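Presented as structure tokens, the chain that follows is alone, the form predicted on its own.
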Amino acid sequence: MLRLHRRNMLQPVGSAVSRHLSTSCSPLPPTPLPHRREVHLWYIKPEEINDSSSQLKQYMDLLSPCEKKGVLSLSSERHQKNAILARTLTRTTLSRYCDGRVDPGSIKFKKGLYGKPEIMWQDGDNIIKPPLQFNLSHTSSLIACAVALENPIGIDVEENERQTVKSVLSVAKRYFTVSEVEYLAAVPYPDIQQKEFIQLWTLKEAYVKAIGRGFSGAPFKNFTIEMGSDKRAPKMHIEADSDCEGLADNCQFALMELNSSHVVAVCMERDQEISGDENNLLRLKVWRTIPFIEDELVSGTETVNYICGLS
């Protein structure tokens, strides 16, 4: 997420729309696991859930004691609500891929090598434990969770109209590599320059999240993103003078727009078992959800606009 300017702190799931109104948390419909090079993305729009709804209380009940403590420590009701929704989206999304046999509230997490959250399967669980990889990103108006199999994944979401405090080039010179700054400086129109900046930022953020390092662990000046053309996938390379450990250049990228209001970048470690030019493109399925209430498959609709790197 761009950190530069903030304001105050069911029928089968594959059907177009599945709606099941309930006063209690009904079982979530199982979802088939993603294929290789395929990413599943589920998102919530906080505005679609009433702040005082009983559904929000049910979501809170899914959280662990530590998660509840974190929610209650937040200063505003809006931040508390979004934190509840983010954790609920993660739990319910992962539960869908366990054949309906894992309650969202029972899922436990652990931290990976660099602190990235991972599923901690419980010993004795009488279920198939799929090698799920996941990542979460959010703005005040949209929360998204991406899921893939085996290969580490990162996602970042930004609002199209997000503005920086300083000029785009001023911010880029501080955070981006020389070649990225030159790329932006060559864009003649300010509105297009702003758009390209947001896309570059989301791609770089998705990358550092995919490798588990985050913004502070892998400063953006250590690697360059080269934007693709004609819907080709963006590419990246590590800067020669980088002294940052844990960087990898075997990743593939994709960029899309949601609801004509948000830019979404996805980065996934390249599948070494698949070769050929087609390996440059990811496949994507996208759902809008209100967990336990409504799921809508929006892939192939006007809601999702592929920018590059997707087949």
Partner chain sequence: MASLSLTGSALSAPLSLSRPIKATNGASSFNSVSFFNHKTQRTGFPSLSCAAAKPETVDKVCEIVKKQLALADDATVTGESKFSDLGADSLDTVEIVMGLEEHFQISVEETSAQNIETVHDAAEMIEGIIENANK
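All of these numbers come straight from a predicted model, not from anything done at the bench. Positions refer to the first chain, counted from 1.
What follows is about the form predicted together with its partner chain, which we do not show.
Item to complete: Please check if G105 has a heavy atom lying within 4.5 Å of any heavy atom of its partner chain in the model of the complex.
Response: G105 lies outside the contact set for its partner chain.
Item to complete: Would you check, heavy atoms only and a 4.5 Å threshold, whether Q133 touches its partner chain in the model of the complex?
Response: Heavy-atom contact with its partner chain at 4.5 Å: absent for Q133.
Worksheet item: Is the gap between E38 and its partner chain in the model of the complex 4.5 Å or less for some heavy atom pair?
Response: Flag for E38 set to no.
Worksheet item: Should Y183 be counted as a contact of its partner chain in the model of the complex, where contact means heavy atoms within 4.5 Å?
Response: No, Y183 is distant from the partner.
Fill in: Selected contact from V187, L149, M227, V171, since only one has a non-hydrogen atom within 4.5 angstroms of its partner chain in the model of the complex
Partner contact (heavy atom, 4.5 Å) among the options: V171.
Item to complete: Using heavy atoms only and a 4.5 Å cut-off, decide whether all three of Y114, R162 and K209 touch its partner chain in the model of the complex.
Response: Yes, the whole candidate spot contacts its partner chain.
Discussion item. Residue by residue through 43 to 75, which ones have a non-hydrogen atom no more than 4.5 angstroms from its partner chain in the model of the complex?
Written reply: Stretch hits, in order: C66, E67, G70, S73, L74, S75.
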